[in-house]
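Only one chain comes next, encoded as structure tokens, the form predicted on its own.
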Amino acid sequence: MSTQLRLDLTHAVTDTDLQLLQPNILEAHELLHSGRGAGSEFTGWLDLPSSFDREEFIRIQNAAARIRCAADVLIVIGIGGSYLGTRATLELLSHSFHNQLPRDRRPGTAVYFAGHQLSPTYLNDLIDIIGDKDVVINVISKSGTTTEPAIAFRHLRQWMEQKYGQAEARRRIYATTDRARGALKQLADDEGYETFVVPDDIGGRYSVLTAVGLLPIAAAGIDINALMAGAADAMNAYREPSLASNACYRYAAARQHLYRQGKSIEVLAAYEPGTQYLVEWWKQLYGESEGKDNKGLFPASLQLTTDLHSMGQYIQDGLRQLFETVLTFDRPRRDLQIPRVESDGDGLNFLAGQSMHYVNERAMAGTLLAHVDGGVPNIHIALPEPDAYNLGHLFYFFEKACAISGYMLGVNPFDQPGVESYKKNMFALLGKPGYEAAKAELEKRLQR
């Protein structure tokens, strides 16, 4: 099986523009593949589709099967890379109303998310929803001390123990965490939770194809073998550093060319609502990887055609500091034919007999040309259909392009030092021991 991912740069850059960047691509490729680049200790994702732990993969499949049998609901507790890849996969590949379908009409358990923010309203509402259902929890954290998921897990663990008793709650909690250390690993060992590994050499935003994503994805009934096969084929397809043949590197080079031409925002635009969390995953991947040293494209997104009725005016006629990357699928998961009606009051009988997907595709093509005419360069990425194989391929495509693009930019694409700043301030303002001096200064600043 092979994907037919297609990258069209016609409306963004020329081949001459790209070829001028071939030396930069060769340098970035060498830094990544030799392990000499900054952050190389976090490049385990690079060969993951062929080197992943087969024994743990089988354990994941077995645990997912048990979850599907034991639970109406799986709650995934995590934030950032511990949550976005999973949610992206479920939203794109599952029924739009997966959680609302009767159990016999969906392939896996319903999946809800917690620990990805600090809203008490959300957590209370979630507990209302799951109250009379059989529940399993997958808590995901490398350390076990990240504030948002740790607070959610405190509440939900207590709720589980009250509902099932301690012994049964332990059987219904799965921890995906560090192999050997950390607060969550210690708790899991003490309580006897089944554990899965967050690899030391893969950062959170690159971790969707590890146990972090694979366990809840499999529990929802999605084929993780196909997901990994798509990623493996992408790994093989994008090994050579020639811009003439490597679509992944062409995308990275096009982004950097446009950045050097003064574009500061990349908008990922998609024409299926199921891509909402895929673009959120992409935004974290690129924003956290490239936004350093006062450099980097700002990653934004549009859900089309919906946002044409809100943001369309700005994209067409606003400040020309952006370009679009448009993501489409040749075939939808499901289609509908437009019916003919006698009155034709809406004037749409000229479309009778056409599919809604055809109309969506024509809207995309017309929008792309209009935006190009308005001075917005457009990159187009197309895949045959939204399935597990193609999504696995796309995950790897974006991950590797991000690494190459980051090295071309001159930053470490695998760290996130800026994320620590808000945490230090938050801990100080909350009165965490050891932050007393910082708290007094921050309180003064807030009062100014």
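Start at 1 and count along the sequence shown; that's the residue number. In this text, all values refer to a predicted model and were calculated from it rather than measured experimentally.
There is another form of this protein, the form predicted together with a further copy of the same chain, and it is not shown here; the text below is about that form.
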Contact residue in the predicted complex, from His357, Arg250, Arg172, Lys185 (heavy atom within 4.5 Å of a further copy of the same chain): His357
Listed residue that, although a further copy of the same chain is not shown, lies within 4.5 Å of it in the predicted complex (heavy atoms), from Gln261, Gln117, Ser245, Gln166: Gln117
Partner-facing stretch of 173 to 181, 234 to 242, 81 to 89, 221 to 229, counted where any non-hydrogen atom is within 4.5 angstroms of a further copy of the same chain in the predicted complex: 81 to 89
4.5 Å heavy atom contact, Gly431 to a further copy of the same chain in the predicted complex: yes
Non-hydrogen atom contact Ile58 with a further copy of the same chain in the predicted complex at 4.5 angstroms: no
Non-hydrogen atom contact Arg154 with a further copy of the same chain in the predicted complex at 4.5 angstroms: yes
4.5 Å heavy atom contact, Thr10 to a further copy of the same chain in the predicted complex: yes
Residues in 311 to 333 close to a further copy of the same chain in the predicted complex, defined by a heavy atom within 4.5 Å, in order: Met311, Gln313, Tyr314, Ile315, Gln316, Asp317, Gly318, Leu319, Arg320, Gln321, Leu322, Pro332, Arg333
